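Only one chain is included here, represented as structure tokens and corresponding to the form predicted on its own.
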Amino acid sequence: MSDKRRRRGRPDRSAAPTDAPPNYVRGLAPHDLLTAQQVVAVETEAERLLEEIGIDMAGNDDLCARFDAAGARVENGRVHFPAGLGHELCATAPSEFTMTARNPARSVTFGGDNLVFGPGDSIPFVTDLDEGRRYGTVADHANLTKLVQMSPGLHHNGQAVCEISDVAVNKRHLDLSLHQLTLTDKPMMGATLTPEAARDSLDMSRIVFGDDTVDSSHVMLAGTNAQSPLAFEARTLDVLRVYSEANQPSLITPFVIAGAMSPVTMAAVLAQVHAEVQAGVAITQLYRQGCPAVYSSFVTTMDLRTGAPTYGTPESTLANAAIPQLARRLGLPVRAGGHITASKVLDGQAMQESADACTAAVLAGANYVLQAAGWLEGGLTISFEKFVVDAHRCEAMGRLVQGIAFDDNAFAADAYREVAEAGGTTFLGAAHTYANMRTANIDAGLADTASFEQWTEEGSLTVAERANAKWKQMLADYEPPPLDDSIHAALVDFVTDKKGAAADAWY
């Protein structure tokens, strides 16, 4: 890039790890989309689904026996919940819990007034302006994990910010967990491909945290999906058992594309999500009562002419806005929203769909927003440029939910007196302005606020071009968080031994 095309006077403001808050705490009251009558209608329909249709437990006899003992009716591997049982079983899951980070200052709280952002997750392709779209690699995942560490608006790791195509499928989780435990000191997610991979992730966390911390704290979040409609796969149930018995929290996520995995109407979607989440949380409680679980959802629509998934539509936005309200009725932390889009590039479509999908959930009171940075192409691709744009927007959303201060400093009485006594007409030189200039407004970051003439002189850079320079600078400035050499060596040895003990499987 020529000197003419470099931004001048815009120093990089990527925060060092110690500069970022552990998570945002909202001062803005959550918006309730549904009326009291509508909430009751959703709950009533969810209870009908649980009792009449039931939940397919994939032939898991042990789990079916546990549900039978808890008062459910089991028929041919399908669990039918009498009215009220789902709510009753969910009641033992905590309304708030803390995810312990390797750096205690990075530990985050799920539930209550807390808002936690996490990056894109489980995405097969990566793209950037220099190399274009390609399968993700170990190197790409390492770089994206470093960007998580360097982004103040992101508080939690994804498990696979991108998939890594250059490692066998049955061994990828080892590299993913190694990156989470060494390249960041923020809270982590655990492997969910198989129960064996889940146990490997837990074993690696024990190397870093020690047995006492793992046994007494929540160090790993498992991202699990219901197999909508109204079913759980055997593998998912096995993974849930591993994490629940270890007292590690799970996301219980109905993945719903309306019209495919649910009826097309949003009221039906909400009822189905509410039923499936209750069943999933109940599973965790039957394996270990009191284990944390997150009311999680991924709801979108589809183009009924083509069958293609659509994102950021008014219909799915309404669903995402309603889900936090339903979760509060169960007293559970809630995950909803995300900067999701069907666009293939960082353009107007990408940002409109992303903003609509994310903002509604955040304003409705979501505690955790996964898929908050980098998502393109319906989740098939993660973009380095969109990653930093989205991460900065997470900072903006965090500022928004903190609300407006109403203390003496905020009303600025001294500033009025100072300007009046000086006979002035502007507050630019007031002591109050100087005292608050660094905190009154969020840094514009990647937004361009220069005049047209200055913007032209400096190369007429688009937001994607500015973001390209930004992520490269962040990687250049990255420093790994401290980790004892012996712990790092033990992790590497664990990964090496595990990889050597099994043949590669490329399924």
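Just so you know, these numbers come straight off a predicted model, no measurement behind them. In this text, residue numbers run from 1 along the sequence as written.
Below, we refer to the form predicted in complex with another copy of the chain, which is not included among the displayed structures.
Contact with another copy of the chain in the model of the complex, defined as a heavy atom within 4.5 Å, holds for exactly one of L237, A268, L129, V138, namely A268.
For the residues V167, A142, L330, A412, the 4.5 Å heavy atom test against another copy of the chain in the model of the complex is passed only by A412. Taking non-hydrogen atoms only, Q38 approaches another copy of the chain to within 4.5 angstroms in the model of the complex. Among residues of the shown chain, A69 is not one whose heavy atoms approach another copy of the chain to within 4.5 Å in the model of the complex. When another copy of the chain is considered in the model of the complex, V42 lines it closely, a heavy atom lying within 4.5 Å. Under a 4.5 angstroms non-hydrogen atom cutoff, another copy of the chain in the model of the complex has V389 among its neighbouring residues. Remark: of stretches 247-255, 283-291, 394-402, 216-224, the one touching another copy of the chain in the model of the complex is 394-402 (heavy atom within 4.5 Å). Here the marked residues M189, E479 and V495 all miss another copy of the chain in the model of the complex; none has a heavy atom within 4.5 angstroms. Residues of 259-292 placing a heavy atom within 4.5 Å of another copy of the chain in the model of the complex, in sequence order: G259, A260, M261, S262, P263, V264, T265, M266, A267, A268, L270, A271, Q272.
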